[in-house]
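To begin, one chain is listed below as structure tokens, in the form predicted on its own.
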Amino acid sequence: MVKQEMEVEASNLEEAIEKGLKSLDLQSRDDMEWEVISEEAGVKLSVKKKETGSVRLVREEIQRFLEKLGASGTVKVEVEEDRLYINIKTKEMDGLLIGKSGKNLESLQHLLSRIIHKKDDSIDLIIDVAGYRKKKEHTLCIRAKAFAQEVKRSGREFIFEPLPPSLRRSVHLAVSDIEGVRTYTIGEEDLKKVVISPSRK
């Protein structure tokens, strides 16, 4: 994934702009914003992709939501394949927004998705707070691969604890390319669990 914002250095402004376009994989200057950081030994620029309408909409709606909560912080939006990954960082409410075992985060995901889909229902988004979901996803994928190997060795199924939809998806994807095992889901609503099972012969 190409970074959305970075710093570049060159001997002059034109070269720095060209370098920025190449680094961000952009064709036109109209698609890039830049700011001169220093002009001491050459030119140093901070460059980033211009926000699309959907990114701007998401950022503005979430900032407005945080203001209503009385929270101050940052909303970082990254484009990941066909969806937007939004990482919210507040100065005082991260723990509250995440909740026990990420329960409040799932409610936040549902609420903000509904707010944004009222304006544009084509936007696919994942809400995170202080990188909690990303860290949990990473740990879960490592666990899923280890359990898949154990299922292959023992021939016995492994059942995960109840997981929200986005994390269930991560488990399915983590195990999908491992031969000899398959995954399926059991349970209802909030109690759905992913099962790693030996593949049927």
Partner chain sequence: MKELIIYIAKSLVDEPDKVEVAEIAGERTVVYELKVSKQDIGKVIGKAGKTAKAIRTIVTAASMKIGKRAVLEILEPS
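Numbering follows the first chain given and starts at 1. It should be emphasised that the depicted structure is a prediction, and the values quoted were computed from it without experimental measurement.
The same protein also has a form predicted together with the partner chain, omitted here; what follows describes it.
- Within 4.5 Å of the partner chain in the predicted bound form, a heavy atom is found for all three of 61, 65 and 69.
- A heavy atom within 4.5 Å of the partner chain in the predicted bound form is found for exactly one of 179, 14, 25, 190: 190.
- Residue 81 falls outside the set of residues with a heavy atom inside 4.5 Å of the partner chain in the predicted bound form.
- Though the partner is left out of this view, residue 121 does not reach within 4.5 Å of the partner chain in the predicted bound form, counting heavy atoms only.
- Among residues of the shown chain, residue 93 is one whose heavy atoms approach the partner chain to within 4.5 Å in the predicted bound form.
- Put simply, residue 126 is far from the partner chain in the predicted bound form: not one heavy atom of it is within 4.5 Å.
- Residues 104, 107, 108, 110, 111, 114, 115, 118 are the ones in 97 to 132 with at least one heavy atom within 4.5 Å of the partner chain in the predicted bound form, listed in sequence order.
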